[in-house]
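Before any questions on binding or motion, here is one chain by itself as structure tokens, the form predicted alone.
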Amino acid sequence: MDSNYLINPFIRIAGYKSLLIGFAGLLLVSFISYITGTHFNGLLFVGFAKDSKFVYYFLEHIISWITIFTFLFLSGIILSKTKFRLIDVLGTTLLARLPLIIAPILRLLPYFQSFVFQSWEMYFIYGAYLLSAFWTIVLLFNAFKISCNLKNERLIISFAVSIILSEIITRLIINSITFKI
């Protein structure tokens, strides 16, 4: 497999195909997160607590995806000089979230199912999560770049602003529904 495919699969996968694969991945990540108690309160936060129903884990991922999609899509509409398809942005941004499965999968291993605060196990899981979050950001960047046909400063600045705003909005939304489910 070409290593570029790991950081930019969107040259071959987009549209409905990326949406279908991405949604299957979202369901799988949500389910494994539920089993292991791995919470994603935004893209840049992971926490561990087996305290919620499956729907909450699912909503964490849906809210995070829809929020980043919205900001990237609006940025594309405002800044792109060419036409692009809504389905491409929807699918590629969803597929870009697939690496987030790494931390919940590690938590399936008996050794990482529970751990003491500030233990090497905790740091290992957080390290794996940080790598998967970085990989997800790289994938989101490439998804945005290809789907919205953006380059240079427009691409970099709008992507950074979109990530920051989506993180803030995602956390606000998820924190507001915590006790209602």
Partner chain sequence: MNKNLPLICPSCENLLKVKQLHCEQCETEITGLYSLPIMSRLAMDDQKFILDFIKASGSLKVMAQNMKLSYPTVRNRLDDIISSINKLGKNGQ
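Computed from a predicted structure; not experimentally measured. Numbering follows the first chain given and starts at 1.
Below, we refer to the form predicted in complex with the partner chain, which is not included among the displayed structures.
Trainee: Between the options I13, I173, L165, L19, which residue brings a heavy atom to within 4.5 Å of the partner chain in the predicted bound form?
Mentor: By the 4.5 Å heavy-atom cutoff, the listed residue in contact is I13.
Trainee: Going by a heavy atom distance of 4.5 Å, is I146 a contact of the partner chain in the predicted bound form?
Mentor: Yes, contact at 4.5 Å.
Trainee: So in the predicted bound form, does any heavy atom of K151 sit within 4.5 Å of the partner chain?
Mentor: Close contact exists here: in the predicted bound form, K151 approaches the partner chain to within 4.5 Å, heavy atoms only.
Trainee: Pick from 28-36, 118-126, 44-52, 138-146: which stretch has a heavy atom within 4.5 Å of the partner chain in the predicted bound form?
Mentor: Checking each option against the 4.5 Å cut-off leaves 138-146.
Trainee: Does anything in 83-102 come within 4.5 Å of the partner chain in the predicted bound form by heavy atoms, and if so which residues, in order?
Mentor: The stretch touches the partner through K83, F84, R85, D88.
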